[in-house]
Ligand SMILES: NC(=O)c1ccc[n+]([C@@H]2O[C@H](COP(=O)([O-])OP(=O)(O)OC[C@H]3O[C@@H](n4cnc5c(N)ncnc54)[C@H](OP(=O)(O)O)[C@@H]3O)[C@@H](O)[C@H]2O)c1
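Encoded as structure tokens, the following chain is the form predicted on its own, with no partner shown.
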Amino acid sequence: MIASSTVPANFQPAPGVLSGKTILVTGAGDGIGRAAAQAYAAHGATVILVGRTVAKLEAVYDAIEAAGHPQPAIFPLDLSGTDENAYRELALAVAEHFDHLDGLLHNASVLGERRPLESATWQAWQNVMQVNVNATFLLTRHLLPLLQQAPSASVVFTSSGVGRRGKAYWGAYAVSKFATEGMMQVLAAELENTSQVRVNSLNPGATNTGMRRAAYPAEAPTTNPDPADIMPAYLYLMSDHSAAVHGQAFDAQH
């Protein structure tokens, strides 16, 4: 079981805690990704919205602009695609508009099948691994030079409770989140004392999202907090308050 930490209980993000920062968020069109993008923008960051569905990204863009926050940017990308060139081209496109990245939130994930491993289908397994692991690696690989251009940058990998202690019937999703934790640890070790980029993982916990409702269809949605309610953890890890925090596994909820 992977040991985890929690964000300081007394952390209260100041309104401009992310002023001047540029942060890329995957899966920014819905759920936790949308809440994180809006929270980052509300605290002063220029947010780069990455996701598959342009209409959803445009809705987040419009909400951020309407609130008077820094103008965001949209870079559509289907993370289920396996062509490395698409990820390389995204990084090049970002570099054309921004000379560095201060933050990268790997939020996008897919749930896949909830069934025993013995009956798991290969196609569904591959899709989960592609979105949750391979795409995360490719984006990190190609965006790292931009992160290294920042005075202090933060990479946050999204984990899960079932990626720290395996549970029956969580199949590829659980395995992908164990891989996510491993990727975080490997990258953190590689960047230790050699880079200004810090790397951590964050488990949002049970949250009222579409993925949670798909995983627990009988559960009342109001049982869990809304994505906006867990944003202090996301703001902490992207702010300079966590500048010395590196290689740790965090929980968003106490």
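In case it trips you up, residue 1 is the first one in the sequence shown, and so on. Just so it is clear, the model here is predicted, and its values are computed rather than measured.
This protein has a second form, the form predicted together with the named molecule, left out of what is shown; the following refers to that one.
- The named molecule in the predicted bound form comes within 4.5 Å of no heavy atom belonging to residue 59.
- Residue 78 belongs to the set of residues with a heavy atom inside 4.5 Å of the named molecule in the predicted bound form.
- A residue is said to contact a partner when one of its heavy atoms sits within 4.5 Å of a partner heavy atom; residue 212 meets this definition for the named molecule in the predicted bound form.
- Shown alone here, residue 197 lies farther than 4.5 Å from the named molecule in the predicted bound form, counting heavy atoms only.
- Site residues 51, 159 and 177 are all in contact with the named molecule in the predicted bound form, judged by any heavy atom within 4.5 Å.
- Though the named molecule is absent from this view, in the predicted bound form it lies within 4.5 Å of a heavy atom of just one residue from 143, 110, 183, 120, which is 110.
- Comparing 200 to 208, 185 to 193, 63 to 71, 37 to 45 against the named molecule in the predicted bound form, the single stretch with non-hydrogen atoms within 4.5 angstroms of it is 200 to 208.
- In sequence order, 27, 28, 29, 30, 31, 32 are the residues of 5 to 32 having a heavy atom within 4.5 Å of the named molecule in the predicted bound form; the partner itself is omitted from this view.
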